[in-house]
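Read the single chain below, which is given as C-alpha cells and is the form predicted on its own.
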C-alpha cells in the first residue's frame, strides 16, 4: 500500500530526488519505513501548472459529474479501509484500533457527503418588480491545502472534498511528519475518475507551503495547524487578498458539574485527552470539575487510565500508542516537568515509557490553577489538567479566559444549564454530554485565536466558492441627462 514516489502531480506519481530527503519514521519503533523528498521548485511549478490547467475543465463539468467522482472515491476508500488504516498507523503511530474507525472512514464520509451535494450547489433568483436578479455560485480556482500530522488521511479529504465539489482544483501539502497517506487519497481520486491535475500532493516543510501560498496562481489556502503557524499563513494570504480557512489549535474547557453521570464524564475526559495519544486540536485539556465530585472523579479517572493498553499500535488490542515523533515527545515531557515545577499534583503517569519508540504515559494533573503553564498553553500530548470550580458563573468566566476558542463541552444532567453554558462559552465547536465527535454533516472550526472559517457541512461550501450576482434590466434605461 505504500506510495511509489514522493509526490502525486498531474494524475501520476512524480519523484525528484534533488529535493531534501525526508525520512518517514514509524513512531512505535523509531525505524525508518520510507523516504520521501521535499518538493523542489520544479515540482512546485509542475503542481501549480497542473492545477491551473485542470481547473477550467473540472469547473465546467456538471456538479453531478463531479459528485460521481467523489462518491466513487468514497466507495474505493471504504473497500480499502484495512490497508489505508494500516498505512495511517505506520505514518502516525496511532493504534490500528483507532485508525480503522476514525481516519479513512472519516475521509470517505467527507467524499461521499460533498459528492452528494455537488449537484445541488447553485444560487438564487430575486424578483425586483419588472426587473430581476440572480446569483451564481462559482469556484475560487486553485486551492492550497496544508495538513497537520495527526489526521493525514482525514484532513486531506476534509479539505479536498468540498474544494473539488465546488469546481476547484487542489494542491495539498501534508505535514512533513506524516507524508504518506495523502498520496493515497490523490491516487484513489484519479482511479475514481478525477481528471489529471485536479488533486495534487507535494511534500515539504514551511518553504514549500510558503511558495504555494505566495504564488499568484493560487486563490485559496486552508491550513490545519498551530495558532502560531496559522497567524503567519493567514497574514500571507491576506496580503495577497486570497481566501483563507484556518483550523488552528485550542486549549479547550471540559466542564463537569456535580450532577453529571460520573462514568460518562470520565469517559468524556479520557476521550478528550488521551485519544490519539492526546494529539487532537479540539481536545478538552482543561477539565473543570465541580468541587463536590472532584475526588470521586479523580479516583475513577485514575483507575480507568491505569487500564490503558499501551503497546504496538499494529496490534488491535492496543488502545494507547506512541506520539508522532521524538520531537513531539520531548515537547510533551517538557510540559510535564513544568507542571511538576509549578506544583500541580501528579495523579497518574508523568514518565516516558521505557521501550523503543516515542511513548509517554497518559498523564493526569490535579489541583491545577489557571495561571499554570499546563493550563494556558497547548501541549498536543496526553496531559490532562484538572481544575476545581464552585459555581456556573465562575467556571464560564474561567473557561473563556484564553485567547483560543476551538472547542468545549459540558457534562450535566440539567439540560437547561447545559444549553446555557455552551451558549456562554466562546468556542466554535461544543458538545453536551459528549466529546470530540465530528461528523461531516456538522460544521467544525474555531473562534478567536483558533481560526477562521469552517470545515465540513454545507458551511464549508461558503469557503470554497463565491457568489456572482447578475442584475437583469427588463425596461428602457433612464438617465438624468
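Residue numbers count along the first chain shown, from 1. Everything quoted here is computed from the prediction, not taken from an experiment.
Same protein, other form: the form predicted together with a small molecule, not shown, and the subject of what follows.
In the predicted bound form, which of 103-111, 388-396, 126-134, 219-227 comes within 4.5 Å of the small molecule (heavy atoms)?
-> Looking at the other structure, the answer is 219-227.
So which of 339, 408, 381, 249 reaches within 4.5 angstroms of the small molecule in the predicted bound form, heavy atom to heavy atom?
-> Comparing distances to the small molecule in the predicted bound form, the residue within 4.5 Å is 249.
Contacting member of 26, 58, 431, 444, with respect to the small molecule in the predicted bound form [4.5 Å, heavy atom] | Of the listed residues, the single hit is 444.
Non-hydrogen atom within 4.5 angstroms of the small molecule in the predicted bound form for each of 68, 115 and 168 = Judged in the predicted bound form, none of 68, 115 and 168 sits within 4.5 Å of the small molecule.
Non-hydrogen atom contact residue 187 with the small molecule in the predicted bound form at 4.5 angstroms | Taking the distances in the predicted bound form, the answer for residue 187 is no, it never comes within 4.5 Å of the small molecule.
Residue 206: touches the small molecule in the predicted bound form, heavy atom cutoff 4.5 angstroms | Yes, residue 206 sits close enough to the small molecule in the predicted bound form that at least one of its heavy atoms falls within 4.5 Å.
Is there any non-hydrogen atom of residue 173 lying within 4.5 Å of the small molecule in the predicted bound form?
-> Answer yes; at least one heavy atom of residue 173 falls within 4.5 Å of the small molecule in the predicted bound form.
Residue 149: touches the small molecule in the predicted bound form, heavy atom cutoff 4.5 angstroms = Although the small molecule is absent here, residue 149 would touch it in the predicted bound form, with heavy atoms inside 4.5 Å.
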